[in-house]
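Just the one chain here, laid out as C-alpha cells, in the form predicted alone.
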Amino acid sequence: MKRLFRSFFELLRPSFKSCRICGKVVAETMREGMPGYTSYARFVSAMLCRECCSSIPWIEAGQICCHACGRSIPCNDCIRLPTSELIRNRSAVRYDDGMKELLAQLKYRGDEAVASLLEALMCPAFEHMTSELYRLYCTHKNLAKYHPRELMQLLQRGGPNQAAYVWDALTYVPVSSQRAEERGFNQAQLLAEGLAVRYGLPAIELLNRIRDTPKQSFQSRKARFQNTEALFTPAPDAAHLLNQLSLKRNRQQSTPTNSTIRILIVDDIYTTGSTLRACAKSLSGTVIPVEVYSLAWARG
C-alpha cells in the first residue's frame, strides 16, 4: 500500500523529468563547477534532454549578418527600412520546429512554466548584447582590451552591476485584450519580468495597444506592416516613469551630462520587426529622450 500511494503521489507531483520538446527522460548534464556552467545553462539542461539541448538553434554572435536586427542571414527588411527608432535587436534562437513546439506549450496550452525555460534561453543573447553596449558606453578605456567573450564572462560574474549600467528598464510588447483574455497572460511580459528579476532591473509597463489585430503569423509581410501602423501608444504614466528613470540616471552619474534613457523591449518572436519598430516609434515620441533596443526569444 505504501508503494502504491508513493507511486500515486509521484504522478501528481509536478516534475520536469520529461523533456519539454521530445518527452524523453531528462538527465541534467550541467553541474556546478563544470566549464561553461551558468545558472541558466543548468536550468535548460534540467528541462531538456541531452539531444534537444545539443540541437538548440542558437544564434551565435559570430553568425549575425545583419547588425540592426541580429539575423543570421542577410536581411531584406532592414535593407528596405534603413532608418528606424529601434536601434538594435538581438534574438536568442532561430524559430525552428523544436522552438515552435516550446512556444506552443506556453501560448496555446497555457504551460506558464515554459516561460522560465524561454527566459533562460534568452540569457546568453541578453548578456552578449549587454556586454557589447557596456564596452561601448563605459568610460573606462581599459575595457577595450577585453575580447567580447571575456566581457561576457565579466558580466556573468558582475551580474546586475553591468546590466544596470547599460539598461534603465525593461518593458514588453503588450498583447491585445482578446489574446490576454484567451491565455490569461502576456508571454512577452513573463519573459521581461523574469529577465528583470534575474539581472536586478526594473520591468515597467510603457506601452498600450490601441486595437486588436489579426494574428501576425497568418499575415503577409505587407499586411504585418499595415497592421502595426499606429498600433501602440505610450501608457498613461509612461512619461512619469521615464522621467523617474532619467532622474535616477542623473543621480548615479558623477557629472550628469546625458539624460537619455536606454530601454530594452522584450518580445517572443522577431519576424519582420514591424511590431517592435512600432513600439520603438511610440516610445521615441515621448518628451524624455529614449534609446530603444529590443530582445526577442526567437528570430523567425
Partner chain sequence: MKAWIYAVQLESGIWQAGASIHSEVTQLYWLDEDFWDGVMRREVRFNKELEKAADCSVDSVPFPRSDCLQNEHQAMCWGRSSQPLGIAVEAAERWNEKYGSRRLEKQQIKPLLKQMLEHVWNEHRAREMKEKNRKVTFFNDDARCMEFSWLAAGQAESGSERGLLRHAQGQVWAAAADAAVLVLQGRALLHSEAHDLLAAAGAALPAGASWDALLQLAAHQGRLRLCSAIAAAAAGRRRGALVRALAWPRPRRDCRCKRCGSGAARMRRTPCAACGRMCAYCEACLGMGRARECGLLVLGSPAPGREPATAVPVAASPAAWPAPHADQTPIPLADRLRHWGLSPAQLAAAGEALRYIEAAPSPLAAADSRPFPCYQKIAARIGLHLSRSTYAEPEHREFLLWAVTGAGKTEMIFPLIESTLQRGGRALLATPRRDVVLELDPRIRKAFPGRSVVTLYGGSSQRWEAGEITLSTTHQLFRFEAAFELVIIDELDAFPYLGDEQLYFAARKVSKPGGARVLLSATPPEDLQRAANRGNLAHARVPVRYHRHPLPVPVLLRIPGTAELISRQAIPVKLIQALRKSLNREAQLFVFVAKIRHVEPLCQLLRGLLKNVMIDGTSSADAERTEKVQRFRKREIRLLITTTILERGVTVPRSDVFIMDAGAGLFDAASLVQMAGRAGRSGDDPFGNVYFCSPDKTRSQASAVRQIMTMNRYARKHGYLLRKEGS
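Computed from a prediction, not measured in an experiment: that's the story for all the values here. Numbering follows the first chain given and starts at 1.
Not pictured, yet referred to below: the form predicted in complex with the partner chain.
Exercise: residue 111 in contact with the partner chain in the predicted complex, heavy atom 4.5 Å: Within the cut-off, so yes.
Close approach of residue 164 to the partner chain in the predicted complex, 4.5 Å, heavy atom: Residue-level check for residue 164: no, no contact with the partner chain.
4.5 Å heavy atom contact, residue 181 to the partner chain in the predicted complex: It does: once the partner chain is placed as it appears in the predicted complex, residue 181 has a heavy atom within 4.5 Å of it.
Interface segment, criterion being heavy atoms within 4.5 Å of the partner chain in the predicted complex, picked from 72 to 80, 129 to 137, 201 to 209, 181 to 189: Only one stretch passes the 4.5 Å heavy-atom test: 181 to 189.
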